[in-house]
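The data below hold one chain only, encoded as structure tokens and taken in the form predicted alone.
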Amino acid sequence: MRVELRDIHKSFGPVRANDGVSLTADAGTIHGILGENGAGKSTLMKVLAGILQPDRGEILLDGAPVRISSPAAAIRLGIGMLQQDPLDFPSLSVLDNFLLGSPGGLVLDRRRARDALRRLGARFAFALDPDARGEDLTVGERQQLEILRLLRLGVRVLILDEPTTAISASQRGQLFAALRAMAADGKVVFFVSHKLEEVQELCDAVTVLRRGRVAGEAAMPAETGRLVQLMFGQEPPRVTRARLPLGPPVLELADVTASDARLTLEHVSLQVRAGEVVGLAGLEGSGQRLFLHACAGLAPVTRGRVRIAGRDLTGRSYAQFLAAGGAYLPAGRLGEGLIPGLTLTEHAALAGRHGTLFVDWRAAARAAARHIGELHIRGTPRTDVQALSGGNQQRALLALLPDHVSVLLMEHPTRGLDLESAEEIWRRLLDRRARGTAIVFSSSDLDELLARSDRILVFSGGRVAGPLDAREATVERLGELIGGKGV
């Protein structure tokens, strides 16, 4: 199938997400859609997948114009989309999720579906247990399940929106091998990303979007400098981290043991000083999130002591952690960090913490406008946070922090962000560090951990190694520890 998008326009109020976008992708190719956060990549692909309707423009499949009124209509035309968060039902089994959308009557042929799941899984080296529950799958396995479901429904055009954001390196390799096999079978694969190295490794051609328009197209391989120029107009300035004298201890863990439903961390001791940056390395689910929750009063500490700025907060609540000068930015920007359906002004009002029954909406609107200007958030005080791109949501979270924070805990502060947005986020974080804030952050990007951290803790299956001096650590050494060697 040959896919053509011609002069696609899509606006959300005054924001022009797509402003006359045209591109063509041929059968048997992997076509990259590259651009910074908020460039219009996801909006364009949602138009192709029938999730959004364009204001103007047309879509052609094999030269024939089509109207894609819904995701179901897209599936009937052979187009399926894997979104950033896979759309599955955690309470259902893998087999039941695989059956979703299947044609037929009230009685489904589960035996045939089980055979199809195993056959398709073997084709792409996806080892999925049909009887496992969806909630027990990793993000990478949920992606694999969604891909197999779409293929069973006859998809010939597969759209993947930032699919590598939350998966392991081994799952990334499996995914790329599967996408190459699909292209070899004659399918069209659209790979939406902001990661230059992944697009260069995987794609046959790339269309670069900037501020809702096509900035340029390139056959691969293409020079990195040219792609960066197309994405940003110029090379974003790199943040340099100056060496600063450290202050007194502001976060202290003494022989801490903490547990959640899946994992136990035992005998963890750490002292973090004011102005220090400590990185947490490890595969997803290895204990980094539990460690941060134990520090913030969000997970019970069954042994040991936790102190924030000299105050013993062992067994205390998250509210007391905040009152002691702590702050926590979760990986889930929407739902955990921000509230879908509320505007930037409403978030500014909530963050004010004035302790009164009445809201000064004018002051909240002024605060939201100030945040927008200071952190370059692409929105207005009335913008719903759900309409913001990932980078702008992260900027909004930073804007809502108190002026002074003793200890800032963060999960994946730059996950899903383009180079420019990530540099801007770290510029803000290091400004806080220079004012004495201690930063503890988890990341799946080993290069980020090495570049930003003073020391690094490595987590592997609930065990902890380190802290290591980041100046002496290497990617190879971190990789060995993450795999359990020497922990």
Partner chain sequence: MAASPPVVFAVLGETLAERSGVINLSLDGLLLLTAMVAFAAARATTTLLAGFAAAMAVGALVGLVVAVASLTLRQHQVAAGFVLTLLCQNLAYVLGAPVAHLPGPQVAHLPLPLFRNWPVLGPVLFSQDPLVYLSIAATAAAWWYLAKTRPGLVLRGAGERPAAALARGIHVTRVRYLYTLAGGALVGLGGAAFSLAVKPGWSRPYGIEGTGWIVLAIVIFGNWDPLRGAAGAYLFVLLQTLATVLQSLMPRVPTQVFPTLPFPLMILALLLVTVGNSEWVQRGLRRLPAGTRRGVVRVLRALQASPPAALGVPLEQE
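Residue numbers count along the first chain shown, from 1. As the structure is a computational prediction, the values presented were derived from the model and not from experiment.
The discussion below concerns the form predicted in complex with its partner chain, not included here.
Figure note: of the listed segments 116-124, 154-162, 140-148, 267-275, the one touching its partner chain in the model of the complex, with heavy atoms no more than 4.5 Å away, is 140-148. Of the heavy atoms in residue 450, none are within 4.5 Å of its partner chain in the model of the complex. Proximity of residue 300 to its partner chain in the model of the complex falls within the 4.5 Å heavy atom cutoff. Using a 4.5 Å cutoff between non-hydrogen atoms, residue 68 does not count as a contact of its partner chain in the model of the complex. Taking the partner from elsewhere, residue 46 is found to have a heavy atom lying within 4.5 Å of its partner chain in the model of the complex. Of the residues given (309, 183, 99, 292), 99 alone sits with a heavy atom within 4.5 Å of its partner chain in the model of the complex.
Of the listed positions (92, 246, 177, 387), a single one reaches within 4.5 angstroms of its partner chain by any non-hydrogen atom in the model of the complex, namely 92. Applying a 4.5 Å heavy atom cutoff to its partner chain in the model of the complex picks out 46, 51, 52, 71, 72 from 40-75, in order along the sequence.
Here's the thing about residue 463 and residue 143: their CA atoms end up at least 3 Å closer in the model of the complex than they are in this form. Compared with the form shown here, the Cα atoms of residue 461 and residue 143 move at least 3 Å closer together in the model of the complex.
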